[in-house]
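Two forms of a single protein chain come next, each set out by itself as structure tokens; they are called structure 1 and structure 2.
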Structure 1
Amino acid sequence: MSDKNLTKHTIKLYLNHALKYKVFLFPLIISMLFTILVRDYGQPYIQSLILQKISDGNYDVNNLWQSFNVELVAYVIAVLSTDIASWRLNIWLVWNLEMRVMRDIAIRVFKHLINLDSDFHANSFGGSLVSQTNKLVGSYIRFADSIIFNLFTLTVGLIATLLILGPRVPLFAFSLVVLSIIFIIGNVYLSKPVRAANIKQANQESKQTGQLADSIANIMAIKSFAKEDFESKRYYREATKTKDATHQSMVKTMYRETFSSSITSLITISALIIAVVGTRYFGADIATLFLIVTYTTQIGIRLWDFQHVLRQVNRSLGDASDMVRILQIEPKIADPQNPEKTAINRGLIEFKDVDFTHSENNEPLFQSLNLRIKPGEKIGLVGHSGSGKTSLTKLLLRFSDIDGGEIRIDGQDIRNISQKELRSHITYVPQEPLLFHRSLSENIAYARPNASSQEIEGIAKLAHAHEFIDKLPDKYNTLVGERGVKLSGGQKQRVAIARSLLKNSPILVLDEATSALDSESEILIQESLWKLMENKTAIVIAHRLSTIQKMDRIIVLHEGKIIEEGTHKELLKNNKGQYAKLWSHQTGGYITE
């Protein structure tokens, strides 16, 4: 996406969210308008009236109150109503608006990210997604503050100055407008390279953060390979690129600031010259002179701030760019426009002439794959690493879409129902289960958050997780990971199994669900799993063949093709077959019944 498009999308995102809170936005605009006009233009105007009276000798020394009471009262009201009242109101409204918009943007991003498909997540760093989310949310407040407190103030100020001074000193009003326009156009023009440099800088910062997160996540690999220096060098390279990118944006900023200060200096100098010349040639009075100097100072300050604003705006747009780009990504796996009501109940699974190639690969994995699993049938899936076992089950859950053929459950094409509906009918225990950094009971009860503590404990007993949980100081309230307890691979698998036991669905997919357990614990858990599989269609993937020995049918997959299938006994009869070979490897040639 081009930078221009990105900017458009970013501003649209900010606006759409801010416009949801018109109850704060519109009162804010009115209150700001009041504050600017009364505080920055009204107050000096009243002062100029007093000065004029004094300069004209148009007052009574013995009765000062009588002479100045209107101006004084007006001045007091102007000060109190802005400094105390409306300014507080502005801040209160801004906070209310910005806090809500920030929350909404954060939620918008969160929902988008968790709805993006697993391919997207497989290809992006978790750490940099987190930092990009924070940057987008933070960028909004910077952007909004700049627009509200500066750009708006500057525009109102220029118009007010023109209206008040235009009729009195046309030359001044004219030059102020011309110089301000030159200033703004010049700044906008010079900001383009700054913005480009800022976007580069933000991208590079994200890369650096991603690198940091990746290294920290793989800390054990780094240490066990003794690659600390290698990783440090990699990180140094990224950090240096960030430094260079930052340098570039600072240089571009410097060019712009030099131009800006030339123009603002010109404005202040010419204001004073015009004020002085004014007394001689236009017969300008003292009040006008005072207003020229005060108003010009105001505009000067705002203009100078304006380039700061451009910088803030550029930085915001740069910070927002990565995540806004991600927000435009449509999930590759889309739900149908009008999802059918699901017909899944018995669990008849059919793969018909399925073709599939992983998005990053050229070689197809499955070509015209056919597989029919009867309702309630228990299938064991074996095959060498990389033969496509996990991929096959992921297709069933529609984590990826197939390129040809169809996958049907109970006669219904899985693309015709919503993904949520589909997945709610399949219990899936992945090959590398990850647990949330939440309590053990929350982890176990994930499928059914209102499960009672007795239920949770009962389920944990079935998964043989209760034994170790019971020994933890906080038992089921123990936090997992981060600042909580670290679980062993086998313990994690038991919790993951317990978690799936609470989900009731007609189809069960276990991908190496017990691979990290010792044979003895596995046998214990097998019993529970058999109970779980009762009346369900089950696909169980295992490298350890004893795990799937009792299955109704065992399917041997090789490079995406089914090369053998049958019961354990049938497969062993073909002693040239891959299954028999694998079995004899695992049992040391000793074939048991």
Structure 2
Amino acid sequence: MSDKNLTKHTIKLYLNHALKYKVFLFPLIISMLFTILVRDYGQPYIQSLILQKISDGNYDVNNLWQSFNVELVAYVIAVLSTDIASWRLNIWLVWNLEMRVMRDIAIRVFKHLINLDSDFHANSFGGSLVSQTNKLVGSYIRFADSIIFNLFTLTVGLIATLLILGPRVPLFAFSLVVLSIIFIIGNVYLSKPVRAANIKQANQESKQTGQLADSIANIMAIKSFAKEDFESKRYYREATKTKDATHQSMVKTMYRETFSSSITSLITISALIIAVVGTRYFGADIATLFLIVTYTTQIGIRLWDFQHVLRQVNRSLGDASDMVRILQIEPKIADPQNPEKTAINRGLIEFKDVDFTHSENNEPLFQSLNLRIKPGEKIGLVGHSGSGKTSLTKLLLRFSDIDGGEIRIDGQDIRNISQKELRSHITYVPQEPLLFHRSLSENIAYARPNASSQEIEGIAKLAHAHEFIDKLPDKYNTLVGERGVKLSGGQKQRVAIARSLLKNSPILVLDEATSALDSESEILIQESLWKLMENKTAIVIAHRLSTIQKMDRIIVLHEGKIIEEGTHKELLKNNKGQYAKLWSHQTGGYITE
């Protein structure tokens, strides 16, 4: 996406979210307009009337109140209505608008990220995504504040100055507007390279954040391989690239600021010269001269701020760029426009002429694959790494989509129902347990958050997790750490199995669910798993063949093809078969890879 389109998408994103809250946005525009006109231009205008009366001697020294009462009352009203009333209202409206928009943007990004496919997340740093999200949310405040408190103020100020001073000193008013337009156009033009530099800077900052997150997440690997210096050098290179990108941004900004200061200086000097010359040669009154100096000062301040506003806007657009690009990514796995109501209840699974190729491979994995699993049937999947075992389960869960054919559950094509509905009817226990940095109780009850503490404890006992949980100081309230880092592999897997026991679905998929358990623990867990599999269709992947020998049917995969299937005893009868070889070559119950 080009920088121009990216800027357009970013501004559209901000505007769309802000327009949802017209109840705050439109009153803010009206209130800001009132504040600017009355405070910045109305108050000086009243002061100029007082100065003009004094200059003309058009007042009674003995009765000042009678001479200036109208102007004084008007001035007091103007001050009180703006400095105390409308300005406070502006701040209240801005806060209410911005905090709602920030919340909505954060929610939009969160929903988008969790709906993106597993391939996207596999190729993205989690730390970078967090950084990019925070940058986008924070960028809105800087952008909105810049537009509301400077650009809007500058525009209103130029119009007001032209209307008030135009009839009095048309040449000066015209010159001020022309110089201001030159200033704005020049700054916008010179901001293009600044914006490009800021985008590069933001991208590099995200990479640096990702490098930091990756190293922190793998701190034990760094320590165990004694690679502290190696990782420090890698991080130093990223930090240096960030410094260089920041330097380029600074250089481009300095070019623009040099231009800006030249124009604002010219405006200020011109105003003073016109004020002096006007008095001597054109007979300009004191009120007009006062307004020239005052309004020019106001415009000069706004113009000088404008370059900083552009810097803030450019930085905001740069910070937002990464996540705005991601927001344009359409999920590869999409729900149908009008999803069917799910008909899954028995668990009949059918793969019909399924074709599938991994996105990173050219060679297809499955070609015209056919497999039928009866309701309540217990299936074991066996095969060397790369044979297609895990891919088969991912296709069933629609973590990936097939290239051809169809997958049906209870006669319904899984592409015709929503992913959420599909996965709510399948219990999936992966090889690597996925735990949140929350309490053990919350992790176990994730499938059913309203489960009672008695239900949670009962399920934990079935999964033989209660034994170690009960010994912890905070028991079920213990926080497990990021990705369950405080627990051993076996403990994490017991918690994951307990969570699965709590989810009552007709289909169960176990992908090496007991691989991190020792033999004694596995024997205990097997009992729980058989209870979990009761009255369910089960697909179990295992390298440890002893865990699947009681399955109703064992399917042997090789390079995406089913080369054998049958019960454990039936497959062992074929001495030359792949399964018999795997069984005989096992060491400690595992397949030799």
Ligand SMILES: Nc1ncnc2c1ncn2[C@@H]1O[C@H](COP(=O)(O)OP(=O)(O)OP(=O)(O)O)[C@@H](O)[C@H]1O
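Here the structure is a predicted model, which is why all the values come from computation and not from measurement. Heads up, when I say rigid core I mean the largest set of C-alphas that superpose within 1.5 Å between the two forms. Quick note, the numbers are simply positions in structure 1, starting from 1.
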Notebook entry, point to check: Pick one: which structure is the form predicted in complex with this ligand?
Noted result: 1
Checklist line | Core-superposed comparison between structure 1 and structure 2, K12 Cα displacement 2 Å or beyond | finding: no
Next item on the list: Align both forms on the core first, then report whether K22 has a C-alpha shift of 2 Å or more between structure 1 and structure 2.
Entry: no
Note to self: After superposing on the rigid core, how much does the Cα of G577 shift between structure 1 and structure 2, in Å?
What the structure shows: 2.4
